[in-house]
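One chain follows as structure tokens, the form predicted on its own.
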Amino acid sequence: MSNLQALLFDVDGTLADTEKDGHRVAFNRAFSEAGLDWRWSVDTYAELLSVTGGKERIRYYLDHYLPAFEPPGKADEWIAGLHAAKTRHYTGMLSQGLIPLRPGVRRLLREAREAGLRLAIATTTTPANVTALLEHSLAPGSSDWFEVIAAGDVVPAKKPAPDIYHYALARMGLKPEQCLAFEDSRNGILSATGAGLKTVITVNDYTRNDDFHEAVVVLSHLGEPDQPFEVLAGDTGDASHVDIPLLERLHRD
């Protein structure tokens, strides 16, 4: 077994609880701005999360909820424009500090850097969303903490396909057995394990009941010394929060 050399992170739902009160709200604002009477409720958005990628989610909604709707102009261009408006609203919310990081994320990233571990992002969200979250919720300049930010349409097949992880690993010149992935959803763990990566899961309200039998451990969140995680599956020993020694053990076992 190779030594642990890098940590690869999903973004939405993993670094921050971005979905229910972030992306969903931004979609609804974009719809209203476009003169559409659509509104994605919390329950509707939970169903739409089975589709990865914002543009793909809009298309799925049209195909399955509004099959009679005719987009003005070329459908692909119209959907792309609507999604761009959504991204603008979402990054605006981030710039106002409305979407904080999940427990333990900032601490673990700093500990990983101090330990000399390499960091990367592997996500289906757009690069602009990633940068805005990191710069406004983590720290100014924190985008540079990540050796690779694999995001958006950099690969044609999105999660649950493993392509985004293959891309990140290739850019870093690493093998899967040298890394750990961090995910929060069924599509995410299928993508990470499909690329051969051991995966740590931190659930959120939308994914708590997903099937994560492939994970090395399933947790409520990464935890803090004064805010211990809940272990939903797997063995964390005496640990109450995710730190580098725990990750090294999970990687080794």
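Given the structure is predicted, the values throughout are model-derived calculations rather than measurements. Don't overthink the numbering: it's just position in the shown sequence, from 1.
Beyond the structure shown, there is the form predicted together with xylulose-1,5-bisphosphate, which is absent from this document and is the topic of what follows.
Annotation: in the model of the complex, residues L49, R57 and K159 each come within 4.5 Å of xylulose-1,5-bisphosphate through at least one heavy atom. Comment: 124-132 is the region of 137-145, 94-102, 108-116, 124-132 lying near xylulose-1,5-bisphosphate in the model of the complex, near meaning a non-hydrogen atom within 4.5 Å. Contact annotation: V11 falls within 4.5 Å of xylulose-1,5-bisphosphate in the model of the complex, judged by heavy atom distances.
In the model of the complex, xylulose-1,5-bisphosphate sits within 4.5 Å of a heavy atom of Y45. The shortest heavy atom separation between H83 and xylulose-1,5-bisphosphate in the model of the complex is within 4.5 Å.
Interface membership of F212, defined by any non-hydrogen atom within 4.5 Å of xylulose-1,5-bisphosphate in the model of the complex, is ruled out. Residues of 19-39 lying near xylulose-1,5-bisphosphate in the model of the complex, listed in sequence order, are E19, H23, F27, the criterion being any heavy atom within 4.5 Å.
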